[in-house]
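Quick heads-up: it's one chain on its own, the form predicted alone, in structure tokens.
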Amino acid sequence: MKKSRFSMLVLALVLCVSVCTYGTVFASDTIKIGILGPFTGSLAFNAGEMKKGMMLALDEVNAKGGLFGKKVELVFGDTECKPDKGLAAVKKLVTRDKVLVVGGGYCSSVNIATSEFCQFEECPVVVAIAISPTITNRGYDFVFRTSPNSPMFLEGINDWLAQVKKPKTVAFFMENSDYGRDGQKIWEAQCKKIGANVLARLYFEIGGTDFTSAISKLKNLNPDVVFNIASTTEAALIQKQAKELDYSTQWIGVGGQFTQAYFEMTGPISEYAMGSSLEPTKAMKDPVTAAFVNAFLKKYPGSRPGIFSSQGYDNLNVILEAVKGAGNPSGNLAKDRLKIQGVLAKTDMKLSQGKIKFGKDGQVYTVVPSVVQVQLDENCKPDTQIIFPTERAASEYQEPKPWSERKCK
């Protein structure tokens, strides 16, 4: 009987400890930060570029002793660019891995879902790349983004269209996602403003490989400009198939297309394509950007320090600074996460993309992309050149030539 009572007393004490410490995590040997991204699938290369920038930032902080005498650990969650996979990944990071904050993020549809979960759990999330306005326009105070959103990315292109190109006819060939449809809405409003007639609205699914039917329609319509929001693989295939069908136009996309993989897949075929970009190698006059580029090249010899690497580097640095500013984690996740959220809201840093400051909606408003065009050097090697605004331009706009007239095939 005494043994039974003793066992019941022990059980009661265990239950009491469990209840009293709910939501508390005993001090960890590392500072854990969760990172989301499509690390497998058709967008794995782009997510890998983001990861490279983050690993550079991680090396830098851990080489200095980490934070509070502890190493920083990144816990990765693979979203595959699918909302259901993203939700499963973020739930694991937040509730099982018990990370202090979530970073990374690619694919707008995924990040709309994952950021909503983080808001519900009151775990800060800092989106690195996904650009849909929906992510930060819902009034969520635990959601931040270190990348310009799609209106910010497209603002410079819109000014260029109105002031320089002045197209009479346009067409849309967009990824069938929040990413693509948000871009279409913004560009279509601009086209209406400048009096350009929309000839077609065409869409493709992520992972698609045959775009010939849509390109044939575009060739018959012959618009002055084709707006094409696509990720690296699809964008490269569209360019290749346009050449096969002998179709030349002014393609306009976003800077995320112009990655190292994109140029390797397309070569000189990508000539004349345009977009809006934060390519760090084009801003080497800035000492902070130059320092990032040089450090990246030292860590990854032969790799291109592109926009996704830069965004990943900045994203993690913003998170690290917020964790540092919030103080040594107590082990009480709810309190620690709330402190980090408060510090994030006051972020004021100069990083590789420029100054990082958040508005009341958590959206960075101090990073300004430039309008770029893919141009070739004397060896037919493609690269982006800033062509607008004039004060930043390193080159002039080049009108796309028919395939038969191009020097580099």
Partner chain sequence: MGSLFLQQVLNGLIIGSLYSLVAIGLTMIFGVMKIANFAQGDYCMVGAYVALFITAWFPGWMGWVGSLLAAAAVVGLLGIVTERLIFRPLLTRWTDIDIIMVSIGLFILLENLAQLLFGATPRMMPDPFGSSTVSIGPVSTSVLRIFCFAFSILTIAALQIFLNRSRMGVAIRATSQNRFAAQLMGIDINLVYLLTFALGTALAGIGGVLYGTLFAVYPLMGGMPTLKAFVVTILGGMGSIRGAIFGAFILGVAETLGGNYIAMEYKDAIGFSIIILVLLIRPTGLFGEKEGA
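These figures come from a predicted structure and were not determined experimentally. Positions refer to the first chain, counted from 1.
This next part talks about the form predicted in complex with the partner chain, which is not shown.
Student: What stretch, of 163 to 171, 245 to 253, 190 to 198, 303 to 311, brings heavy atoms to within 4.5 Å of the partner chain in the model of the complex?
Tutor: The contacting stretch is 245 to 253.
Student: Which residue among A236, M152, L100, L320 has a heavy atom within 4.5 angstroms of the partner chain in the model of the complex?
Tutor: It is A236.
Student: With the partner chain left out of view, which of A113, L202, L74, A283 would have a heavy atom within 4.5 Å of it in the model of the complex?
Tutor: Partner contact (heavy atom, 4.5 Å) among the options: L202.
Student: Considering non-hydrogen atoms and a 4.5 Å limit, does the partner chain approach A44 in the model of the complex?
Tutor: Yes - in the model of the complex, heavy atoms of A44 and the partner chain come within 4.5 Å of each other.
Student: Is there a heavy atom of D84 no more than 4.5 Å from a heavy atom of the partner chain in the model of the complex?
Tutor: Contact with the partner chain, no.
Student: Using 4.5 Å between non-hydrogen atoms, is Q241 touching the partner chain in the model of the complex?
Tutor: Q241 belongs to the contact set for the partner chain.
Student: Contact with the partner chain in the model of the complex for G207, defined as at least one heavy atom pair within 4.5 Å: yes or no?
Tutor: Contact check for G207: yes, within 4.5 Å of the partner chain in the model of the complex.
Student: Please state whether all three residues R181, S213 and K219 have a non-hydrogen atom within 4.5 angstroms of the partner chain in the model of the complex.
Tutor: Heavy-atom distance to the partner chain in the model of the complex: all three under 4.5 Å.
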